[in-house]
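Coming up is one lone chain in structure tokens, specifically the form predicted on its own.
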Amino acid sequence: MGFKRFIATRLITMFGVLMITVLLTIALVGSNMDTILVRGVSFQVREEITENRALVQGFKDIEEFDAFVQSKINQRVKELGLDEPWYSPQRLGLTLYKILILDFGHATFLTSDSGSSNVKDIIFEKLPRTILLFTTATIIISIIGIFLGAYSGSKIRSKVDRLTSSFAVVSSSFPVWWVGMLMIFVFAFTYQIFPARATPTIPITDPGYYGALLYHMILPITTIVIIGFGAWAYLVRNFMVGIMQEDFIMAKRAIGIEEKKIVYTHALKNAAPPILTVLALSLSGSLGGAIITEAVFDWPGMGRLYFEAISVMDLPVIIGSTYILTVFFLASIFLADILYGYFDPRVKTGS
């Protein structure tokens, strides 16, 4: 019962945080929500009417058609309660409901690659690319960092340990945009190995688009890995240093178990809960830091979309992107809690 209660408590907490985040976002845009929602209603009503060709052909002129459309828009606005202030309970409830069902309306300026102005279409076109880039980078960073950190933790004060610690400090000190610009200068302009822009020049409908996308992804992934794996190795190294001094490690050495097996099986297994927690949080943190990385490399993902939406103040896209990124962040934290609870017997027993 302890672990089930633990999961239920986390789920309730995460949902509460999500609702608070959405409410804060709505409060920040304030009265601009009126313009957003009314514009979405106008677009929807006009689209419904124009699709009815028999109805459209019955109007004498464009003025009569526009007057009919406007009357329908006013009627729909009143039905939805959009004639009330944005902070009224009915308005807040409607807005929260629409956001929860992923109905973010239509973008003001931005469109998807296929030409759609629906915010949901735009976001779900960009989101897989951001997940592909940062999940791949996080997996590579964690694999290198875990094995290098475990080795360094078992060889305290060795050359590898000193190099790992030094590289972690140096690599973490450089901002990602600076390293990204340096990588572009060296590998895109000086040696011309990789393209400067991470966005493929061929259309998405081309069969070779995804192959080109993977090729364009090499430079930003390399940059993220260089920035991140040193700190990861240093973190794992610090976890391992304490575990390698434990009595059960001394006992396994005394009975003649191979050192490599002790390090990578027994010690690393005991360090798994905090490592898995940091791994899940690193993934969510990398998604949050996608704005700068994707803007530098012009990667066609959520980060660049967020940057462009803020640049032109496209509020529906900003609200939708904030909601989706918050959901992913909370999901990763929830995953970290589950993993920690699974590996920590104190959580399972409720003690």
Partner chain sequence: MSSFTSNEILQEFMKNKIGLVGVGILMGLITISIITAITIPAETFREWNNPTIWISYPKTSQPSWVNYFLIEKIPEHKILDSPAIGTQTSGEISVISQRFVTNYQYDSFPSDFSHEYTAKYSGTPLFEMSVTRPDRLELQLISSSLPLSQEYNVYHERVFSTDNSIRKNLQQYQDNFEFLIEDMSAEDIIFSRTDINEVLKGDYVFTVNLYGVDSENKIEESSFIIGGKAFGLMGTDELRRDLAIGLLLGTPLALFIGISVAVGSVVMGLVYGVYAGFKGKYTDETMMRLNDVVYALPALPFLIILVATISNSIFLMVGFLMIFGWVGIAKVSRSMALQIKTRQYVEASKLMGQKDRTIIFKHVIPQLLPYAFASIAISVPAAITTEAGLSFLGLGDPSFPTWGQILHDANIFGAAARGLWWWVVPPGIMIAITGLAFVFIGNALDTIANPRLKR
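Residue numbers count along the first chain shown, from 1. Treat the numbers as computed from the prediction; the structure is a model and nothing was measured.
Although it is not shown, the form predicted in complex with its partner chain is what the next lines describe.
Peer 1: Can you check 222-230, 140-148, 169-177, 265-273 and let me know which stretch has heavy atoms within 4.5 Å of its partner chain in the model of the complex?
Peer 2: Answer to the contact question: 169-177.
Peer 1: Can residue 184 be called a contact residue for its partner chain in the model of the complex at 4.5 Å between heavy atoms?
Peer 2: Yes - in the model of the complex, heavy atoms of residue 184 and its partner chain come within 4.5 Å of each other.
Peer 1: Within a 4.5 Å heavy atom cut-off, is residue 41 in contact with its partner chain in the model of the complex?
Peer 2: Close contact is absent here: in the model of the complex, residue 41 is far from its partner chain, nothing within 4.5 Å, heavy atoms only.
Peer 1: Is residue 25 close to its partner chain in the model of the complex, meaning a heavy atom pair under 4.5 Å apart or at it?
Peer 2: Output for residue 25 is yes: heavy atoms within 4.5 Å of its partner chain.
Peer 1: Taking the shortest heavy atom distance, is residue 261 within 4.5 Å of its partner chain in the model of the complex?
Peer 2: Answer no; every heavy atom of residue 261 is more than 4.5 Å from its partner chain in the model of the complex.
Peer 1: Does its partner chain come within 4.5 Å of a heavy atom in each of 114, 118 and 122 in the model of the complex?
Peer 2: No, none of 114, 118 and 122 comes within 4.5 Å of its partner chain in the model of the complex.
Peer 1: Looking at 92, 241, 77, 235 here, can you tell me which has any non-hydrogen atom within 4.5 angstroms of its partner chain in the model of the complex?
Peer 2: If I apply the 4.5 Å criterion carefully, the residue I get is 241.
Peer 1: Within 319-333, which residues have a heavy atom closer than or equal to 4.5 Å from its partner chain in the model of the complex?
Peer 2: The stretch 319-333, when checked against its partner chain in the model of the complex, contributes 322, 325, 326, 329, 330, 333 at the 4.5 Å heavy-atom cut-off.
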